[in-house]
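Okay, so here's just one chain, in structure tokens, the form predicted alone.
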């Protein structure tokens, strides 16, 4: 991350806005994991804005570029409408991206906001997955429906739906197997779960959230693309965005796949999750290195807590 910020600072210190400036900016954005296609689109918009606003100095482009990206990243209208009705959150993603801890964080997040939450341990294939989710459920203080390891995931969801209806749950959060996007049989299992939900819980809204490891760069984009083709992905939970991450992958996912980043995982504790805030996200990418260091010191000294919907890059793990 520090290398990217240094390169960005160097670009905006150019003496004039010319093709060398745009070429250097293009290379910097691509290497930040924003990707070639999205970078080209952003630069086309920036060129047009520079002409319209008669921007003369590269330093003045910094804020203009940040605003362009913020507009791209802003969640669409109704992005969180699922919160206002009985719903099922179906959490998908490959193993190792932070899926189980994201479920725990979401459970805690909504329980603290007065929602009655039930978990479904439908990842019955990975050894220890049920026990791991069970420990989180106990720690957070929510009910969990589970079968034995190796059982039918759809059967777990079937029983979890019955429990959700009987107990008046506001939200049923379903873990799923860490599906590799090239494993057809696992994707077929996911479709089976959708059929169960449609038949047995038609009164609830189904929201599918894909968990992605933000440090894996273009591989995360590939996973998002494959999952979007195989299932009805409604949004992204971005995890593991520590200070060494380049940071642009969320921009690429939103731009290329039109999928909103809805939550950011910001640590390992149950409370370490927040709704995605494009302003804080982009400002953190474009902040001067000195500004970031000063903010980090202030956060450490004050121990400031994250506000709902906020995001602070320096606190992300």
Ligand code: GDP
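Positions refer to the first chain, counted from 1. Only a predicted model underlies this, so the values are computations on that prediction, with no experimental measurement involved.
The same protein also has a form predicted together with guanosine-5'-diphosphate (GDP), omitted here; what follows describes it.
- Looking at residue 97, you'd find a heavy atom of it within 4.5 angstroms of guanosine-5'-diphosphate (GDP) in the model of the complex.
- guanosine-5'-diphosphate (GDP) in the model of the complex comes within 4.5 Å of no heavy atom belonging to residue 225.
- Taking non-hydrogen atoms only, residue 58 never approaches guanosine-5'-diphosphate (GDP) to within 4.5 angstroms in the model of the complex.
- In the model of the complex, at least one heavy atom of residue 268 sits within 4.5 Å of a heavy atom of guanosine-5'-diphosphate (GDP).
- Taking a 4.5 Å heavy atom cutoff to guanosine-5'-diphosphate (GDP) in the model of the complex, the contact residue among 124, 231, 101, 108 is 101.
- The stretch that touches guanosine-5'-diphosphate (GDP) in the model of the complex, counting heavy atoms within 4.5 Å, is 260-268, out of 43-51, 26-34, 277-285, 260-268.
- Residues from 216-239 that approach guanosine-5'-diphosphate (GDP) in the model of the complex with a non-hydrogen atom within 4.5 Å are limited to 239.
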